[in-house]
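First, one chain by itself: the form predicted on its own, in structure tokens.
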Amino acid sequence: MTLFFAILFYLAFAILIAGLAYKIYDFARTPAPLSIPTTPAPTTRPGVAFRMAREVVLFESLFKGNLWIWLFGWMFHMGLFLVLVRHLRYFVADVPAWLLFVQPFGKYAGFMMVAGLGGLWARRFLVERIRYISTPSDHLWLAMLLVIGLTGLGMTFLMHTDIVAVKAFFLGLMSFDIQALPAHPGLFIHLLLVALLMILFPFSKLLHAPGVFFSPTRNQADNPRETRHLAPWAAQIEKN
């Protein structure tokens, strides 16, 4: 199993990086021929940056649109963020003080992440218009994320595993010195689904994570009277 997971994570990491790099390149080169920021919008680039920060951190537009969806969505994403930060300890030999400080918050943020996922999944069953447009893949993504969260919480509070050996395994992967992985069913399920998530992430709707930064409705300033908006390809045609 150690060799299987070592090969699996090397493959998953390669696919994740290559897939994300290609998708971000594709987003970046896609022209935005029109000036279409969602109004009211800032008129300066610093204002756009501040608006984007509010959108990424606070989910401002979702808050204005639906408070319940915003609550569950924010709980999931912020819980996931703290959990991911906490997991950094498995990839650094000497854990810095700031990461030690984050550990208790990340530990209990798993509950917030799972609760948010539960609310988002319940919405797909209980809200008729959302149930109508939900596809099997929507349910499978939520189920996979939920199982990842639950197995992580299970290993933290119920069925403990050897986290020192888990850290040695991932540090070993980074230096191509494969170390033994603890034989733990919950750990195997957790790592298998995490690797699957890494492999599928670049090809899924979860790409809204980097994609939000390339949305013309968010990243454009509302200054069509002051500055003429011209897509690069249109500028080249005009130049010629």
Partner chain sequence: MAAPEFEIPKFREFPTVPAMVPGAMAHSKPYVANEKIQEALGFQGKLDEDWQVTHDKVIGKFGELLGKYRSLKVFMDSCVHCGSCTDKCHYFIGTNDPKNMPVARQELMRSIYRRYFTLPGKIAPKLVGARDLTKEVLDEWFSYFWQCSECRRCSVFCPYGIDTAEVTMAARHILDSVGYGQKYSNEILGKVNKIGNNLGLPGPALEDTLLGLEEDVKDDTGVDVKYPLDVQGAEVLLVTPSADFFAEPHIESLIGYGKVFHAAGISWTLSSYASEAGNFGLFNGDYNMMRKVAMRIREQALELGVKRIVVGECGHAWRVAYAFWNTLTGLGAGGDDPFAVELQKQLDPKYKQPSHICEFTWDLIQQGRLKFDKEANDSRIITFHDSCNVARASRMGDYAGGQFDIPRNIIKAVANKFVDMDEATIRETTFCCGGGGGVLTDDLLELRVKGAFPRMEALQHVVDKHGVNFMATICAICKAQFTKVLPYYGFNMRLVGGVHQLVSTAIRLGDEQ
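Positions refer to the first chain, counted from 1. We call the rigid core the largest set of C-alpha positions that still match within 1.5 Å between the two forms. Not measured: the values here are computed from a predicted model.
One more form of this protein exists, namely the form predicted together with its partner chain; it is left out here, but the text below deals with it.
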Determine whether any heavy atom of residue 185 comes within 4.5 Å of a heavy atom of its partner chain in the model of the complex, and answer yes or no. no
Is residue 40 close enough to touch its partner chain in the model of the complex, meaning at least one heavy atom pair within 4.5 Å? yes
Answer for residue 45 alone: is it within 4.5 Å of its partner chain in the model of the complex, judged on heavy atom distances? no
So, residue 216 and its partner chain: in the model of the complex, are they within 4.5 Å at any heavy atom pair? yes
I have 28, 137 and 208 flagged as a candidate spot, so tell me whether each of them has a non-hydrogen atom within 4.5 Å of its partner chain in the model of the complex. yes
Which of 111-119, 156-164, 91-99, 128-136 has heavy atoms within 4.5 Å of its partner chain in the model of the complex? 128-136
Sequence order please: the residues of 48-65 with a heavy atom within 4.5 Å of its partner chain in the model of the complex. 55, 61, 62, 64, 65
Just checking, between the shown form and the other one and with the core aligned, does residue 227 shift 2 Å or more at the CA? yes
